[in-house]
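Quick setup: one chain, the form predicted alone, written in structure tokens, and binding and motion questions come after.
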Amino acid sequence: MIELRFHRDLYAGTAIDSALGRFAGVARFVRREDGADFVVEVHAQSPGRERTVAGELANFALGLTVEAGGPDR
């Protein structure tokens, strides 16, 4: 399992949710909130797959945040 932390000042929660939906077929995710962060656990078939999915998920969520005009306010 890999844990990703997305700070609210940089990422839109809606973008993270959208990214999780798009990646649902390649891994299992658990999303929660912790203070100023959105936290996502990535569970996949192997550690290598988890690393790959985690990196791509973070990039995708950031891209969606930029497209949306920035983090939720």
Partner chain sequence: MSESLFGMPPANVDADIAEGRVALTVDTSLHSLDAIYAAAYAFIGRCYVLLERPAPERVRVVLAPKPSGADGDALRALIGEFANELLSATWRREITRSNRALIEAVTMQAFAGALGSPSLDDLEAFQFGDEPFEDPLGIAQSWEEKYRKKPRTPEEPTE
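Positions refer to the first chain, counted from 1. Quantities reported herein were computed from a predicted structural model and do not represent experimental measurements.
The same protein also exists as the form predicted together with the partner chain; that form is not shown, yet it is the one meant from here on.
- Residue contact check for E56: one or more of its heavy atoms lie within 4.5 Å of the partner chain in the predicted complex.
- Interface residue remark: T52 is counted as part of the site for the partner chain in the predicted complex, having a heavy atom within 4.5 Å.
- Although the partner is absent here, L20 is not a contact residue: none of its heavy atoms lies within 4.5 angstroms of the partner chain in the predicted complex.
- Not displayed here, the partner chain is kept clear of M1 by more than 4.5 Å at the level of heavy atoms in the predicted complex.
- Contacts between stretch 2-16 and the partner chain, counted in the predicted complex as any heavy atom lying within 4.5 Å, involve L4, R5, F6, H7, D9, L10, Y11, listed in sequence order.
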